[in-house]
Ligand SMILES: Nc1nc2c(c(=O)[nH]1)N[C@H]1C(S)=C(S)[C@@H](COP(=O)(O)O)O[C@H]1N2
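This document starts with one chain, in the form predicted on its own, laid out as structure tokens.
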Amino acid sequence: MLHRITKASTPRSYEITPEPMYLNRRQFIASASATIGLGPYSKALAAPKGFQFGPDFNTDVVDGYEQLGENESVTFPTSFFSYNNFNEFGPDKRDPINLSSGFISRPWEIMIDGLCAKPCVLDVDDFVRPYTFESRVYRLRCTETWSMVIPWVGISLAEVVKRFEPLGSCKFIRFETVMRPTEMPNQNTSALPWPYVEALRLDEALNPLSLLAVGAYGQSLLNQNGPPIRLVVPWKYGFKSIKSIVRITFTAEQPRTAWNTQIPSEYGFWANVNPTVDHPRWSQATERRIGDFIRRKTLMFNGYLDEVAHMYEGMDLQKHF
């Protein structure tokens, strides 16, 4: 039997430059050096017009939230479309693009139930049609110490919550991913308690930053990115950004969520980006932005301190991680 000895200098899988980015490095360098800031993707991709969401669905996209530092730029699109966490297809970052070709995201229904005045089941097009699509450029931070900057297209989660009128007893909102083992091979394993479930406290869902994304880089989400609709909560770690949502439930009790149920010692319910709380197997103090070659300090609440810190006043953020 052969035993592999891992040296301290051996990079972790999440620190290795994704193959598509390496193969397209000249294109990436050219685009990155063309301008400082968001580069050539700034308006063409961050605020597309006439965004096509679904069949016979056409809407303009308005400029939304965008607050990046001088040394930040939008992640090269190839990385976003090829380097993903989507556990239903497998644990490797390349499993989603390699194994999702058979995933069917149309037709698609979303159930709204629980402690709300207007429970219903809606086709996804009818679900999103009342809202204005916005372009929002957000950082996305993974617990595995890598991050991206992505120009999302989506709708305000707060507006969705208000539409279905949560009752006074509602304290949390639970989200559930579709369960299709024939199309999502990792659902045939015990890797996680399927279907994938995530949740937010009601005030978190009502925060203006919370987004239900239907696209990125000026187009609808591809199979590997969680179509037709997914959650984006930019001040929390990426595992809160549940994909391919089929159910939204208003509830009084804190729901049991996928990673918090599977490994509670490593993944807390709150999942707020906090550089002072280490993951048991690595430090969260720094991160590598995909496309960069130098690590940077992790920002408290992923850089959204002013927008969200008030929601956690009085909480022990070392305990409620």
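Keep in mind the model is a prediction, meaning the values are calculated, not measured. Sequential numbering from 1, following the sequence displayed.
Below: the form predicted together with this ligand, not depicted.
Comment: this ligand is not present in this chain, but in the predicted bound form one of 142, 206, 160, 246 has a heavy atom within 4.5 Å of it, namely 142. Exactly one listed residue, out of 166, 77, 238, 218, brings a non-hydrogen atom to within 4.5 Å of this ligand in the predicted bound form: 238. By the criterion of a heavy atom within 4.5 Å, residue 86 is counted among the residues contacting this ligand in the predicted bound form. Residue contact check for residue 242: one or more of its heavy atoms lie within 4.5 Å of this ligand in the predicted bound form. In the predicted bound form, this ligand sits within 4.5 Å of a heavy atom belonging to residue 146. Shown alone here, residue 225 lies within 4.5 Å of this ligand in the predicted bound form, counting heavy atoms only. Annotated contacts: 177, 196 and 230 all touch this ligand in the predicted bound form [non-hydrogen atom within 4.5 angstroms]. None of 206-214, 114-122, 166-174, 134-142 except one has non-hydrogen atoms within 4.5 angstroms of this ligand in the predicted bound form; the exception is 134-142.
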